[in-house]
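The data below hold one chain only, encoded as structure tokens and taken in the form predicted alone.
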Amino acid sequence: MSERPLKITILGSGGWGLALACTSSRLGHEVTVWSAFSDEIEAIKRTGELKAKLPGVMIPRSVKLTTDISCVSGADIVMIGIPSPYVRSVCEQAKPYMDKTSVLLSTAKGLEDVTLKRMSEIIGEVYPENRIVVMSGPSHAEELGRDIPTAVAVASSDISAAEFVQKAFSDNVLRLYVNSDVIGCEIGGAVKNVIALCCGVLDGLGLGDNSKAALITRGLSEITRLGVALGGKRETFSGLAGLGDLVVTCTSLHSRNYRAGMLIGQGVEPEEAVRRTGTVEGYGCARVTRKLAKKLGVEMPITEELNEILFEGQPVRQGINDLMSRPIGME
């Protein structure tokens, strides 16, 4: 635990941001949650919870709620917990008020469409003088919010910054492990959403455990190949930010990516499945991942077939047949 109470600002009123706000408040920190959506802030103030994002979890009254982004001023830690397409714009919006001494904690999982950059790279471009830490791992907000034991990785090129975050949030509910591999942790956290969509499709079709186990395993191989090609460490992908996050996202109804995939497997058009589910990071990330893989010359057949299904009208069963008909070889 941190030796002193910290001032922590959380940008984003999504499930994970709110769950971490509960953790931070329990640890005695001064916590502020910012949202661009006044209706979400008012809902929490009125009911004590945000049913749309984190139903059944009461937000402590000690947590401050605001739509004024100047709340980042003077914070020890600023957590950036918003959907990946909006990370750059929100960081730019907060820039006039951000202190250079604040540690910036990214929990956003994705890749930027045009630039193909990871979230920490975007944050670093906006805030070149701040220390940046990435948090990733098997972490359903619905469970952390109910005090179910959870373990994640925190990665940074500055180990002291990662250790600072580790001490700030660790207790007997949330356990953090320090990692130096930012690239591996971010690629694991982003691309697992793509594979989770695929797992949902399999279950929507009514296929079995054999199929899902094969998909998770071969999906992990794809994620690892991409991560290593970018400079990540192979061993990272067998840890919390790799295998751990992949398994939890591919097997749980808490996962919006998995739920959207189930709808697609049941015959719902991909765009409609995403509309019904809400934020589905894997949908946009699938297209960006394919672009990045092609740029690097990395073979990602599962990701390729998912793109055909999502964006080019390919029947789901055709995609599975294509994968099962690929040339046989060694593992």
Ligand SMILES: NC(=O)c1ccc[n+]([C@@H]2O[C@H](COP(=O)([O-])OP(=O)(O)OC[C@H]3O[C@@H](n4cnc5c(N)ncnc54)[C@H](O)[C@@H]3O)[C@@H](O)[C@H]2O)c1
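The first residue of the sequence shown is number 1, and the count goes up from there. Because the structure is predicted, anything quoted here is derived from the model rather than measured.
There is another form of this protein, the form predicted in complex with this ligand, and it is not shown here; the text below is about that form.
4.5 Å heavy atom contact, Thr279 and this ligand in the model of the complex: It does: once this ligand is placed as it appears in the model of the complex, Thr279 has a heavy atom within 4.5 Å of it.
Residue contact check: His140 to this ligand in the model of the complex, 4.5 Å heavy atom: Yes, contact at 4.5 Å.
This ligand contact in the model of the complex: Lys53, any heavy atom under 4.5 Å: Yes.
4.5 Å heavy atom contact, Tyr97 to this ligand in the model of the complex: No - in the model of the complex, heavy atoms of Tyr97 and this ligand never come within 4.5 Å of each other.
Segment assignment from 156 to 164, 203 to 211, 124 to 132, 74 to 82: heavy atom within 4.5 Å of this ligand in the model of the complex: Only one stretch qualifies here: 74 to 82.
This ligand in the model of the complex reached by all of Glu40, Val90 and Arg256, non-hydrogen atom within 4.5 Å: Contact check passed for all of Glu40, Val90 and Arg256.
Within 4.5 Å of this ligand in the model of the complex: residues from 86 to 117 (heavy atom criterion): Residues within 4.5 Å: Tyr86, Val90, Thr107, Ala108, Lys109.
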